[in-house]
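Only one chain is shown below, in structure tokens, and it's the form predicted alone.
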Amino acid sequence: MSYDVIVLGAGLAGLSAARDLADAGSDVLVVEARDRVGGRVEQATLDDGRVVQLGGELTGSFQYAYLGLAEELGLTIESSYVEATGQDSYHLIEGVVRGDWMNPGQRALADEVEAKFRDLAATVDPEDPWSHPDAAILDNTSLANWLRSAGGDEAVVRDRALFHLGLADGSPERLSLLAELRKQAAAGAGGFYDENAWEGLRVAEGSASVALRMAEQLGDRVRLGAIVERVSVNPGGCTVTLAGGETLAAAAVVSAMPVGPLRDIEITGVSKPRLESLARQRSAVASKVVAAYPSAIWEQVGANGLAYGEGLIGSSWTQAPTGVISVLTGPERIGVLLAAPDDQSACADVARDLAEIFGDGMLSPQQIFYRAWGIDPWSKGYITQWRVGDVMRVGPLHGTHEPPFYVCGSDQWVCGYMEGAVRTGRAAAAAALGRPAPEPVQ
């Protein structure tokens, strides 16, 4: 069969693109390898009826594309874990600390260094970091080394390491300074990281509901269990070959696939520089565990559920249903979980770390879920990871199109978040339609 546009991948980006294309009258087909839509957003219903998020779940005040789409779909936006009462927790080598683990002098120095970072971030254009006069220098400098050069001591570096390993994007010793400046510039250059801006909101019905509602609107335009093996791009028409040999034809192709699985597809008719830019991107190998308890057990020790750690758990935070906690294990620690004999053992490892932070009541969750996004064959990663030198290696072709081949997805934005998926998905649809990219409503 022949279509106007074939979209590769039914995550937030692919569904956002397909929805806009369909609304404009295009004959569009979305092909998805999984047996479900949503990509790296997924939700499950507990035995007691609570709905929990197993993939991406948080958004923030500057993420207008995602918030606008949720509003269009009739979904509800509410505050996230930032509203929780109690103290933050730190699982350090020395033990567990409630509240700020730094002493006042260390925190004051960290604030001074952050002010310098804020000023430098304001000089970076998030849409075009390559135009910065010192782009190559900034990209080839690690965040950790810059912190030291800016006057930070090892406590300042350790504080940032706790955060970045908790976020699952790797150690600041190997993180591109330019990438981090670009990321925070996109959020308004407010400092190292504004939790309210990035994570202060969530969809009350669940982030996966955004994907599910778009898929419902698209109906039979979404085809599940369709594994793409080859894509041939030509001005006169494109073909997409599925596993088993079936060939689909279209005037244009929109790739909404994560960069890892995209490398496994044979693509012809797209220029070598464009393909090399795509291939040079990388995603962090990380996992997420979600544990459900009868109540918010962490409150018994005066904690709010938010934790950063130097053990197996990189970070934890609470979900909307009372008694549910999310956990990330980052790329430099996930080996412990991947080496476990089975998922049950991996979950038990995480529960033991949770117990060290919040008390023995965390040892026996009612239900627990493990998603190794970093090795999932259809994601091969969590958020976009930018190591030293990566921004320049990927280059200014990042996120651009080569008609009739268009790209979108979390990996094609500043960093891997749901906002990036929606923003680039809708922009790819507009480009395919010959229209300017939509301006998110603020």
Ligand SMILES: Cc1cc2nc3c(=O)[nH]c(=O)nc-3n(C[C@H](O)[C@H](O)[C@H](O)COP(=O)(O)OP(=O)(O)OC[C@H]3O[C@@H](n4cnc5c(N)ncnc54)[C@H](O)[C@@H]3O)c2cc1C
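Note that the structure is predicted; figures quoted are calculated from it, not measured. From 1 onward, residues are counted along the sequence shown.
Another form, the form predicted in complex with the ligand, is not on view; read the next lines as being about it.
58 is the sole member of 388, 70, 58, 52 with a non-hydrogen atom lying within 4.5 angstroms of the ligand in the predicted complex. The partner is absent here; in the predicted complex, the one residue of 394, 414, 65, 41 having a heavy atom within 4.5 Å of the ligand is 41.
Under a 4.5 angstroms non-hydrogen atom cutoff, the ligand in the predicted complex lacks residue 17 among its neighbouring residues. Contact check for residue 328: a heavy atom falls within 4.5 Å of the ligand in the predicted complex. In the predicted complex, none of the heavy atoms of residue 305 sits within 4.5 Å of a heavy atom of the ligand. The closest heavy atom approach of residue 210 to the ligand in the predicted complex falls outside 4.5 Å. Only one of 255 to 263, 100 to 108, 142 to 150, 294 to 302 places residue heavy atoms within 4.5 angstroms of the ligand in the predicted complex, namely 255 to 263. In the predicted complex, every residue of the candidate spot (288, 409 and 418) has a heavy atom lying within 4.5 Å of the ligand.
Residues 9, 10, 11, 12, 13, 14, 31, 32, 33, 34 of 1 to 36 are found to place at least one heavy atom within 4.5 Å of the ligand in the predicted complex.
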